[in-house]
Each structure stands twice: as C-alpha cells, then as structure tokens.
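Starting off, we have a lone chain in the form predicted on its own, written out as structure tokens.
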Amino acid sequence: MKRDSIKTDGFFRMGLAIGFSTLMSLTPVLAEDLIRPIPPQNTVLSPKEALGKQLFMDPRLSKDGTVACVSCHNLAYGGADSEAVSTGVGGKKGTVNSPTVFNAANNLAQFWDGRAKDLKAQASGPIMNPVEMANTPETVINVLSKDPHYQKRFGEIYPKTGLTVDTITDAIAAFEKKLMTPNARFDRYLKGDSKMLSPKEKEGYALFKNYGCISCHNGMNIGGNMYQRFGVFMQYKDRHNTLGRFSVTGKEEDKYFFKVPSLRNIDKTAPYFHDGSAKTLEEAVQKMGYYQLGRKLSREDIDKITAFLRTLSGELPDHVK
C-alpha cells in the first residue's frame, strides 16, 4: 500500500496503534471519555509512609552518600529531573530519561521497559544499579543500622524482621503510593465543570482524540497502562539504541516497545521521551505526530494540543509541598 493511499483519520490510526479488533471493541464507548480522573486522596502519612519518605530523601542509600531517590525524582520538579538522562554515583550517566514518580502506582509496571512489576520491585533497582546508587545490600544495611532513629522506627514498624532490604523497599514503595496528584483542571472538567477548560483547551482535547493520541494515552494515568512501539509510522533513532521490552523478554517482536508514559503533570517533566531527546512539550507533540501518527502537525494544532496537555497537572500532596 502506498503511503499516499493510507487513510489518516483518528480511527484508522488508532487501529494501527492498538489493533483493529481492540479498536472495534472500544467503538461503542468512544462517545464517552477513555480518561478517568484521579479520585480524592488521603495525604496524611502513616508511620510506614513517613519512614519511606525519609528513606526516599536519604543519600546514604547510595555507595558514596551522594545520590538519593529524590536526586532523580525531584518532587519539586514533577517527580522527575531536568536532565535528558540522570546522573548517578561518580558522575555516571544513565541511558534513559527519569520517569516521574507521581502517580506511578497506577502504572501497569515500572521503568520504561516494565522490568519491575510494582513500586517495591522498582525501589531496589536503583540502589543496586552500578550506574545509579552503586550500593550493595550488605553496605546499605550496615550504614542504616548505625542510625538509632532508623533502628527504632524499623523495629516499631517491622517488629518481626526489622531493617532489611525488603523492609527498606517496602517503606519506600508505601511512600511513593501516596504521590498522587488529583484535581487537575481536566479532572474537574471530566467531573462536569465545563468552565475548567478554555475553548482552545477543549479544541486541543478534541484534536487529541481525533488524531488517535487517546488510543495509547488513556485511563487514570493518561498512559502507563500498555506498551507501544516508538516509531509506528517512522523509524525512530534512539540516542542510546535502547531496545525497550526486548531487554526484558528477549523477543524480537518486543524491540523498541516501551511503556507508554503518563501524561499527567507532563508540562513539568521536560525533557521528554525515554532518551530525553525532546526538549519542549511542543517538540514532543510534533515528534509524536510524525513518528506515531505519520502526520506533520500544523503549528496551530500543536499549540492547541499542548494547551490541553497543560490542564493535566494536578495538586501536589500536602506532605511534599
């Protein structure tokens, strides 16, 4: 089939992206929104969650005491950082952009390639990763055990096991589950307050649906609930030749498939994509149109879509303000 003969309406592109059988099952409900608001949250931290917050902020989890979870997941910067790739112990550079930790509990898995099934499994990864915190289980336990505060808190919260790598990651995961950002303007719009969005933002949302963006960016996290090939219409040249899900499964068909990122708080987490190659939100939208939709989006459409995307930023929990 010649490219010129390819039909370019939103339904067709959605079919290419998620499969026509899946699309047909969605068609009866396309009149309804495929995006769900984040429900109201209890932001008061339990003792375990408060302990997890302390650990999240503690650079002693790293080999040389210079890198903490918050170093790459800055809660004042959208739960990510401002670098294309993050910097670990000894100035070592990673190969992927740091994803946001906000609302991460709603993702189907963690990391761009989905190698961790949940937040607890994810928490241990950076601590032992030689490029990130470069630590060992023995050293982490030895260092934290010398802190009377940690000895006391772990003894109270985990009386049967005390301070272990398992309880460290369990506490961190408990804290990260509290990092939800509800009540975005778009959430309030979905709940019935039509005045929350300007005409331009509503037009951007309509374009977001009509172009088929919503076929991958849907659900409560507006993403994070499926894997998708980066480069549906055009081959994308990754800065680091990252192979995505293939690195986890070893299956040829999983090459260049990545977890679809959440679009919540997207205006606060530049740069974009797994390799951090898009410096601005406008550039990210333009490239997504080209690589994923096979379209050269107009400047006007990009402007409207980015206006809509900026309505997806929610309220930070009280315990991180």
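Source: prediction; values computed, not measured. Counting begins at 1, following the sequence as shown.
Quick note: we don't show the form predicted in complex with a small molecule, though the next part is all about it.
No member of the trio V140, L163 and V248 reaches the small molecule in the predicted bound form with any non-hydrogen atom inside 4.5 Å.
Among residues of the shown chain, G78 is not one whose heavy atoms approach the small molecule to within 4.5 Å in the predicted bound form. At the 4.5 Å threshold, heavy atoms of L144 stay clear of the small molecule in the predicted bound form, well away from it. The small molecule is not shown here, but in the predicted bound form it comes within 4.5 Å of a heavy atom of V96. Although the partner is absent from this view, R115 contacts the small molecule in the predicted bound form, with a non-hydrogen atom inside 4.5 angstroms. Residue in contact with the small molecule in the predicted bound form (any heavy atom within 4.5 Å), chosen from N135, N107, T181, N218: N107. Stretch 115 to 123 is the answer when you ask which of 194 to 202, 154 to 162, 181 to 189, 115 to 123 has residues with heavy atoms within 4.5 Å of the small molecule in the predicted bound form.
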